[in-house]
Structure formats: C-alpha cells, structure tokens
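Heads up, the chain below is alone and in the form predicted on its own; it's given as structure tokens.
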Amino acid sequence: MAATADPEAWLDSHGDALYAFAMMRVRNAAVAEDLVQETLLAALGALAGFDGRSSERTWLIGILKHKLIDHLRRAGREQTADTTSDDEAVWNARFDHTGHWAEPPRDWGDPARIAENDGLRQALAGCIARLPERQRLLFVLREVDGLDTDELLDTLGISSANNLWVMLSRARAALRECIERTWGGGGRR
C-alpha cells in the first residue's frame, strides 16, 4: 500500500471528478452516484494492492471504468438501430455515387491551433451531449475511454461490428454537422 493512500479523503478529494466522469457516460445522477459509491467500496477492498505507481485519482478512475462497463453489461442495452427510411435517405444524401462527401467538411485551419481553442472544446462538449443516448455513449466509450471493438460489442450488446461502425460513423457525422453549426472559429471553404 502506498503511503499517500488515504481512503477517508477519497470522497472529498476525488468525488467530484469521479461523479463527472460517470455522469458523462450514464447521464443519470442516481446511477452516477451509485457507481462512485461502488468504486470507492471496491477501492477500499483493493487498497492493499494499490502500490502508488499511479495517482490515487488515476487508480480510482480505472476502477470506475470497470464499474461502468459492468453496469452497462448488466443493463442489457441491446436496442435496434434507431433508423427509419428517412434516416437512410438523409445519410445516403451526404455522399455521392462514388462514396465521397457530397459536401466535404469545411477547412477548420491548423489542427494544432484549433486543438487549443476553448470555443471548440465547449462546442464539442455541447454537441456530444446532444447526441442520441446510444450514439453518445458509444462515441465516449470509443473516443474518450479507448475501448476496442470487441469491448464495445460486449459492453453495449451490439450484434455486429458492422452495426457498431455504422452507429459510430453516424455519431461522428452528427458531431461534424453540429460543430460546423455551433462553433464560430472554423475556417471557411
């Protein structure tokens, strides 16, 4: 056990960060609170194994990630894709007969410069929050948490990798459109 581990201070020191992490993924205050509580209890039980190679917060968030995945698996979130023929028509209209964008994304400028843009970060957070629940969760688990295809299929109960990639592509396209509508800092074509 690392000398810096102080279970009595965990909630005060890390509770807000753990709660925010959980809320971004489950968007339900009661579930997020339960997940934080489960995380702290699991950490207390695993305290002897904490060797201090990472910060307490990093270690606790790692435990929380496992609790989130367990929660999602238990929730049995298998749902059919929320598509209608209208959705398909809109999706297909984005591309020409060769599979290229009918209207290419606009040039946002230097990637290194825009990565540091607070306005873009705020627009992205708002756009992610507006995604349909399943797309938002899939996007966050893939792009923020780094889950691989097999983990996503298992965790979210998605029937095939093809369905997963279609859902992820739609989430990315929706984010692109939302950012182009809401963020004023991008370049013009």
Partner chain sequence: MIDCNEATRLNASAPERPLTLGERISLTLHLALCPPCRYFRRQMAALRAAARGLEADAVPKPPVLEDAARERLRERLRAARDDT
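Keep in mind that this is a model prediction, so the values were computed, not measured. By rigid core we mean the largest C-alpha set that fits within 1.5 Å across both forms. Positions refer to the first chain, counted from 1.
A second form of this protein, the form predicted together with the partner chain, is not displayed here; the remarks below concern that form.
Screening S55, S159, Q122, N28 for any heavy atom within 4.5 Å of the partner chain in the predicted complex leaves a single hit, Q122. Taking the partner from elsewhere, P132 is found to have every heavy atom lying beyond 4.5 Å of the partner chain in the predicted complex. Heavy atoms of L64 never reach within 4.5 Å of the partner chain in the predicted complex, leaving it off the interface.
Among residues of the shown chain, Q37 is one whose heavy atoms approach the partner chain to within 4.5 Å in the predicted complex.
Looking at W59, you'd find every heavy atom of it more than 4.5 angstroms from the partner chain in the predicted complex. Residues R106, D107, W108, G109, D110, P111, I114, A115, L120, R121, Q122, L124, A125, G126, I128 are the ones in 106-128 with at least one heavy atom within 4.5 Å of the partner chain in the predicted complex, listed in sequence order.
D107: CA moves less than 2 Å between this form and the one not shown after rigid-core fitting. A shift of at least 3 angstroms pushes the Cα atoms of G99 and E143 further from each other in the predicted complex than in the displayed structure. In contrast to the form presented, in the predicted complex the C-alpha positions of G146 and A112 draw closer by 3 Å or more.
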